[in-house]
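Shown next as structure tokens: one chain only, the form predicted alone.
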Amino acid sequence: MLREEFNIKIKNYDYYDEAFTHASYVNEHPKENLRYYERIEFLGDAVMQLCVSEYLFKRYPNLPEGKLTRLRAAMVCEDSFSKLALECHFDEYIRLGNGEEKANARKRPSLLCDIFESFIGALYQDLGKEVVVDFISRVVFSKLDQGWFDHLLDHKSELQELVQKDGDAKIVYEVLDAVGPDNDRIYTMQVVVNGQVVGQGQGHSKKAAEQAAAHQALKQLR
């Protein structure tokens, strides 16, 4: 399934066997000379830190170090990796001992996070950094455009940087609609760049709607 869904041309299956094997499984199969995922997870963690850092550094050239660090921390963490592991169906491949299986460990966020990192380590060892970057571009970096980390980003500033990189550009945010009572009003905004509408968005405040409109504009312009 990994090969079909992500077009990964595996060369050495031993790396992936190790990446998806839990210590409890190894303990129950002592004669098979197996290795479990923790060493390769160590490598995968370092690879993810580097790849995400490089990507954020290039994508957000004017974002200060503190915000880059917070954004990376939100992307490279247990919550994100456990969700991504489930999206990739990695839970289906984990080899567990009977006790861990009965405890439903394959759905445990901490284990899913570890397995995601160990898979990255296996992919790096087997096929190199370029293939890792291609994989995480589709699986991890795409979440930036899907709004997973919007609370840490300023889409308006990012849009301004994008449209003004080749010269001055006029950016205007316009209210299209405002519905609902004062304590639960929803605003619809559009963003206009040099007279052309490039995005729309909604939010419970004008500022939130502007950010949503800028986010949509960024997706359209890219």
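For every residue, the number given is its place in the sequence shown, counted from 1. Note that the structure is a prediction, hence the values are computed from the model and not measured.
Not pictured, yet referred to below: the form predicted together with another copy of the chain.
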*asked:* If the cut-off is 4.5 angstroms on heavy atoms, which of these, Val197, Leu43, Ile171, Val26, is the one near another copy of the chain in the predicted bound form?
replied: Leu43
*Select from the listed residues Arg95, Lys143, Arg72, Arg108 the one whose heavy atoms reach within 4.5 Å of another copy of the chain in the predicted bound form.*
Arg72
_Heavy atom contact within 4.5 Å of another copy of the chain in the predicted bound form, the stretch among 121-129, 134-142, 96-104, 77-85_ = 121-129
_4.5 angstroms heavy atom contact with another copy of the chain in the predicted bound form for Glu65_ = yes
*Counting only non-hydrogen atoms and a 4.5 angstroms cut-off, does Arg185 reach another copy of the chain in the predicted bound form?*
no
*Could you confirm whether Leu50 comes within 4.5 Å of another copy of the chain in the predicted bound form, counting heavy atoms only?*
yes
*Answer for Pro61 alone: is it within 4.5 Å of another copy of the chain in the predicted bound form, judged on heavy atom distances?*
yes
*Taking the shown form as the reference, report whether the CA atoms of Pro64 and Asp166 lie closer or farther apart in the predicted bound form; the distance changes by 3 angstroms or more.*
closer
